Every structure is written in C-alpha cells, then in structure tokens.
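Just the one chain here, the form predicted alone, laid out as structure tokens.
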Amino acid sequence: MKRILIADPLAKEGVEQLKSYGIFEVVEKTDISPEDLKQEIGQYNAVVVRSRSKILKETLEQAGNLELIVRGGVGTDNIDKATAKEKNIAVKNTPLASSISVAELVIGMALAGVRGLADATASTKKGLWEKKRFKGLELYGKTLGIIGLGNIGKETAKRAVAFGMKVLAYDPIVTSCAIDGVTLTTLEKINTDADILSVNCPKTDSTCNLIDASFIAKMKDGAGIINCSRGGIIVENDLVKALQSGKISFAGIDVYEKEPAKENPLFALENVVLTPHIGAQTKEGQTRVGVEVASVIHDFFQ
C-alpha cells in the first residue's frame, strides 16, 4: 500500500474519501514540525500540505520514496518545485476547489471598503451613531481592475459583473475571455482606470513588489486596493503611505509580506479591512479542497 502523509489539516470528507479507496495507508500528522517532517518524509510515497508546511530542498533530500506532493489550494510557492523536478517527484494542487471562496472574499472586501463597514462597526459599537459620517459609494458602475485572470480572477469577474461593475482584466498568458462584461487589456490601462484594484495573481519574479509607490501614483485618486492572492506583490510600506495620504481610500488585505502577521503598520489604519489569510477558509471550500486532494492522489497512483 502507498503511504500518504497528511501534514496539514484537511477536511474530514477528503480524509475519509482517501481511506475509502482501500489502497492507501493514510497517516495524519497535521501539526508535524519542519524538523520532524524532514526526518520522516522518506517513509511516505505522497505528502499533502496546505499553507502551513513547507517542502524545502533539505526536506526533499531525505524523501527517498516520495513520488507526489499535493498542495491543497491554489499556490505551490511553499514547495521547492525545482528540487522536486530533479528528483522526479510530481507536484500537484487543487486550483478550482477554493476559487469561489476567495472570489467572494474579494467582493466582500470591496463592499466593506466602499461602505466603510469596519470603521462603521467600531463606531457604532462605541455608541457614537455617526450616520452622516459614513456616506459610502456603490460598486455599481465602478471599474474593477483584475490582475490575474486565473480561476479566482474569473470567479471574481463574474461576481463583479453581477454587481453592474465594469471589469478590466490583465493576464499575460490569457488571450481571450468568454465572460460577458470583462475586457482584457494592458496592465497600464488597469493602473490608470481602475476604481478598485484586485490582485489575483501568484507571486513570481515578475509580480513581486509589483504594486509599489510608482504604480500607486498612477492610480485614480481615492481608488481601492484588494489583495487576496499572495503577500509580497504589494509593497506594504508604500500602501500604508498611500492610505495615510488619501491617495488610496481603502484597502482589503488577506495576505502579507510576512506571515503569520503579528505586527504590521497596516494594523494602525482605520481605512483597511484585514483578515488572516482566510480566502479559502469556508466550509464549502475546505470540503472541495479535501475531496479534490483525495481524487488527485487516487488518479496519480492509478
């Protein structure tokens, strides 16, 4: 039997499905330390990770029997893919399973931003009743600029169109889009025309620090910025300065340059909505991730 290590928490539906095949020995060690993972990984034919565990070069050097790494989620930046390729270890993920969950968080942050929901909540809890202070904006008629039109970007675009937004999208590897109301365009056009910018791309050499002071300077005054993809694409100190000056009216941030984010200059600002990397953290999304992980492993070994 192939031995499967589940190194990070996986929905019980996925674990049960994996066991139900009857051809795998499933070992759950969802709080395994990096050192223990390095010591034990050689015992397994496949390992499942989410975002907590990192599969680094020094770990893969000990993975004599490993054939497959599955990342439950979209990105695979916590896996040394180059070393895995050298060792003929397949790396797979579940790009569709949590797309809706993340897309809904993007729209939720857009709504929270244009209506000042976080600040209004804090004010109301203090008994201030500042009704006149919280004059917001509608999403209807606004232009959403999406950087990255993968599965999450597409799901975000569909929901934005349903709100009556104009959607501009940029993705260097996407040449056509069949979603009505979505226009493929250049990064420069999104930079200058978006009322709200949504970052939906992976962190790569070309996207690292993409949204910096010079990018922000070209944006509309009072625009909003949302990032539910990966930390490090937005230069956080530049964003903080833009939020403080009013150049950027609000930000919705789910991912950070350093995670877990226990301290961050964004924490001191009122015109931001901050969440702890929870884009995929819905019951439905987690179930789909778990079930898809099980299917990926089954199909690979069959």
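One-based numbering along the sequence shown. Note that the coordinates shown come from a computational prediction; the quantities given were computed from them, not determined experimentally.
In what follows, reference is made to the form predicted together with a small molecule, a form of this protein that is not presented.
Open item on the list: Would you classify His277 as touching the small molecule in the predicted complex, given a 4.5 Å non-hydrogen atom cut-off?
Closed with: Yes, contact at 4.5 Å.
Open item on the list: When the contact criterion is heavy atoms within 4.5 Å, does Glu236 count as touching the small molecule in the predicted complex?
Closed with: Although the small molecule is absent here, Glu236 would stay clear of it in the predicted complex, with no heavy atoms inside 4.5 Å.
TODO: Check whether Ile152 has any heavy atom within 4.5 Å of a heavy atom of the small molecule in the predicted complex, and answer yes or no.
DONE: The answer is yes: Ile152 has a heavy atom within 4.5 Å of the small molecule.
Open item on the list: I'd like to know if Val102 sits close to the small molecule in the predicted complex, meaning any non-hydrogen atom pair within 4.5 angstroms.
Closed with: Yes, contact at 4.5 Å.
- [ ] Could you tell me which one of Val74, Ile79, Ile211, Ala223 places a heavy atom within 4.5 Å of the small molecule in the predicted complex?
- [x] Selected option: Val74.
TODO: Name the single residue among Val174, Leu128, Ala122, Ala162 that comes within 4.5 Å of the small molecule in the predicted complex, judging by heavy atoms.
DONE: Looking at the other structure, the residue within range turns out to be Val174.
TODO: Using heavy atoms only and a 4.5 Å cut-off, decide whether all three of Leu117, Ile196 and Gly252 touch the small molecule in the predicted complex.
DONE: No, none of the three is in contact.
- [ ] Considering the small molecule in the predicted complex, find the one stretch among 198 to 206, 131 to 139, 212 to 220, 177 to 185 with heavy atoms no farther than 4.5 Å from it.
- [x] Selected stretch: 198 to 206.
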